[in-house]
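Presented below, as structure tokens, is a lone chain in the form predicted on its own.
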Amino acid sequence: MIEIKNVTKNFSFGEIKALSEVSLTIADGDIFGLIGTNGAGKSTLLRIMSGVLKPDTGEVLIDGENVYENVNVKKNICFIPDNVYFAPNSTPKSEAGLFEAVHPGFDKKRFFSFLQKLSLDPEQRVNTFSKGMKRQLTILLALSSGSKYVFFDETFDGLDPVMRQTVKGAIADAVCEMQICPVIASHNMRELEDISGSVGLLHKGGVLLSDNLDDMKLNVQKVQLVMKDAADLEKLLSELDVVSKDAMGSMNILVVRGNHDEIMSRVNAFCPVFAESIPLTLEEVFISETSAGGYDLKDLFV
């Protein structure tokens, strides 16, 4: 289990606050998706979780032990950053040798089997690979590392649709077969929605929301309705916990926190001309929550 407790991190002598009092709990056996606005601190948090950076305050515990400067804990961690450096003459085979030296549980047989399935030449120089091929290589190295905790930064960046599906399947298989605990930071919410069991939403260095993905969607509803008059609409809005409100002609589109049945009961009490509830996507939850947190740019170019 990963416990992140009140972690704060500043840069440039305190002038830039990357993380502020971040607290999260990530259970074993879960695929945890880390999403957030640009500059929210996702990459910084992954580096602190990996023990690469030291938090200014707070701590990260993995299986009850502080991760920073703890060699025994770090043996169980594999971190794949957004931009991985490869030496000029490195090959997948030489990279496997480096990983084997760092990760005692590295599974060479598994790694070379992966390479064969994806038609990646173990002797080809990595600097001749495309961006997507390099991303494939780093993912294969991570999934063969033998680490219990695997942290990915922008996992799906540069992958074509077929390869994204393949990677999601490989990660899910590794969770089932080897009981790994992946944490995936990504802007690609559609992909995270497919694979994640739980999600944490970062904004301006803090945690806006962290929950099981299904529970998160159950607690936020999207309601489309047409009311008979404006007074009824205003009264209804005062009775609901409205996250956001838009209108398309006479159609009002509300995103509301709360239980589906309770919300629709209140809506129907006003005898609307039309009303329906539509399931939200993870992206819509993200937009609604960050808008409520002050990150609403839809009128920027108006």
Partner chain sequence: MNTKKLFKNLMKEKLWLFLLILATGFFFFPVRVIMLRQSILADIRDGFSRTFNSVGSVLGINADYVDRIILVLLVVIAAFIAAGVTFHYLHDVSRTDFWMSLPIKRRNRFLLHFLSGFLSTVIPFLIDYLAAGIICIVTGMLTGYGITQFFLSMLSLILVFLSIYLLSCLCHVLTGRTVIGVLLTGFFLVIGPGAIYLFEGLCGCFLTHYISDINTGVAVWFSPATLASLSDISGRIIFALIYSVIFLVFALIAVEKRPAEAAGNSFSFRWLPLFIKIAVTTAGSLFFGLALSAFGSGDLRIWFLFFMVIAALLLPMVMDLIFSMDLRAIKKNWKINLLSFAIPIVISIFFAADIAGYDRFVPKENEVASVGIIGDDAMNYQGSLYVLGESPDKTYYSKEPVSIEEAARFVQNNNPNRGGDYILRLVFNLKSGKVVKRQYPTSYDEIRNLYDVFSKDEKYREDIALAKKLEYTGEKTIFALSPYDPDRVIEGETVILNLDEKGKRTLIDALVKDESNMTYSEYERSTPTYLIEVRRSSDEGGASGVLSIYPEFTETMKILEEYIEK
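Keep in mind it's a predicted model, so treat the numbers as computed, not measured. Positions refer to the first chain, counted from 1.
Beyond the structure shown, there is the form predicted in complex with the partner chain, which is absent from this document and is the topic of what follows.
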Self-check item: Stretch in contact, per heavy atom within 4.5 angstroms of the partner chain in the model of the complex, of 119-127, 227-235, 101-109, 207-215
Solution: 101-109
Quiz item: With the partner absent here, would I26, F32 and D157 each sit within 4.5 Å of the partner chain in the model of the complex, counting heavy atoms only?
Solution: no
Exercise. Could you confirm whether C176 comes within 4.5 Å of the partner chain in the model of the complex, counting heavy atoms only?
Key: no
Quiz item: Going by a heavy atom distance of 4.5 Å, is K74 a contact of the partner chain in the model of the complex?
Solution: yes
Quiz item: Do V52 and the partner chain share at least one heavy atom pair within 4.5 Å in the model of the complex?
Solution: yes
Quiz item: Even though the partner chain is not shown here, does P88 get within 4.5 Å of it in the model of the complex, heavy atoms only?
Solution: yes
Quiz item: Which listed residue (E65, D261, E69, D241) meets the criterion of a heavy atom within 4.5 Å of the partner chain in the model of the complex?
Solution: E69
Exercise. Go through 220-257 residue by residue and record those having a heavy atom within 4.5 Å of the partner chain in the model of the complex; state none if no residue qualifies.
Key: none
